[in-house]
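Take a look at this one chain, the form predicted on its own, written out in structure tokens.
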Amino acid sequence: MELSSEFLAQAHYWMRLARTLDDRAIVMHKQGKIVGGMFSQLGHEAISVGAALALGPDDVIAPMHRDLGAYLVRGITPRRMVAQFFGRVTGVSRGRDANIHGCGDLSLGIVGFVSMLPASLPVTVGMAHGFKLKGEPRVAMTFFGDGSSSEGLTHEAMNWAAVFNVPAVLIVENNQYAYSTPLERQMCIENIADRAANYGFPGVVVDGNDFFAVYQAASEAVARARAGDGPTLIECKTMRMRGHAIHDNMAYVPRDLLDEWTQRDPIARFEQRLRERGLLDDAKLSELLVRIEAEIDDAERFADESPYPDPAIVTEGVYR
């Protein structure tokens, strides 16, 4: 798949923006600015950005807590995202939630993350079924983790997707740990994607730290769904490089395993490919990072200056 230099530059921007915002959020949390917990997506940038870029403007996406890049690609600005972190009225959920939870905007085709994993999966399959019933050439995409793949709801959603041949792209982010439970304590199969054949649709395994592999697999799955050929399960193999949440020191993860995956960092690998094509050098990278830091500085100022929501509006927008 030949990708233009303009497209690659944009993908680079989204991945670097997600990484820098994620790093800054760690600092913000330590400063006591973030309401509630904080979930890092370090190491998942190629998955969230690569998959989201494969969708069309009318498609929908249901990201989860390690898919910051997908939210940004689909149009949630750093300003709105940081305000969301701070629980301010200018945040995505208007201060009703914090961090990535509740971070949905249907005007951008983003379904808010349902924190009881993998509850976003049947919601996504239901939307895809709705597109099919209406005859709309739209695709629904969602993400879930290796731990979620062991839940019964995953089986039900995949079986429904297969039986009704819905236009859905299901991406399992296999990051080796379900909180503190390692993959080998969850299942005896090598690839989670192998399960797709048992439901009756294709399963694909890709290197989740390779943007090009993720984007190609997602693009093919989206095209297949849009053509009426049904769902695809894509397993992106990666590593959760920080704890389950900010409070988790992940002492249960072997240090050498983290060192191994550090050498496979998705952004470093992507930038190496850009350098090989003559699309990136130290000066261009420095310019990009300065631009992104300024953008996040602006977002933090905006969130700091934004008010908390008025308690009187707490029931607005809530189904009763």
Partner chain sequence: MMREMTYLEAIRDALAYEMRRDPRVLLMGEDIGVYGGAFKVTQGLLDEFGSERVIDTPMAELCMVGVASGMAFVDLIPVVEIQFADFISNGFDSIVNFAATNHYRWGAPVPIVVRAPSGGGLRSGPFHSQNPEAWFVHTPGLKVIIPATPADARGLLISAIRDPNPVIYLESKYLYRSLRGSTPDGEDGVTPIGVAAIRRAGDDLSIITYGPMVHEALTAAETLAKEGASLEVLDLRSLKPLDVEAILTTVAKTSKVLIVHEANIMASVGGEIAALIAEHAFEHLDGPIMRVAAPDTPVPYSPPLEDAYRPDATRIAAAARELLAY
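Everything numeric here is computed off the predicted structure, so don't read it as measured data. Numbering follows the first chain given and starts at 1.
Keep in mind the form predicted in complex with the partner chain is missing from the figure; the text below concerns it.
In summary, among the residues 75, 200, 243, 126, the only one with a non-hydrogen atom within 4.5 Å of the partner chain in the model of the complex is 126.
Out of the listed residues 156, 207, 194, 220, 156 is the one that sits within 4.5 Å of the partner chain in the model of the complex by at least one heavy atom. Contact check for 94, 122 and 133: all three have a heavy atom within 4.5 Å of the partner chain in the model of the complex.
The partner chain is not drawn, but in the model of the complex it has a heavy atom within 4.5 Å of residue 105. Contact check for residue 177: every heavy atom lies farther than 4.5 Å from the partner chain in the model of the complex.
Contact check for residue 316: a non-hydrogen atom falls within 4.5 Å of the partner chain in the model of the complex. A residue is said to contact a partner when one of its heavy atoms sits within 4.5 Å of a partner heavy atom; residue 112 meets this definition for the partner chain in the model of the complex.
Heavy atoms within 4.5 Å of the partner chain in the model of the complex are found in exactly one of 179-187, 142-150, 112-120, 224-232, that being 112-120.
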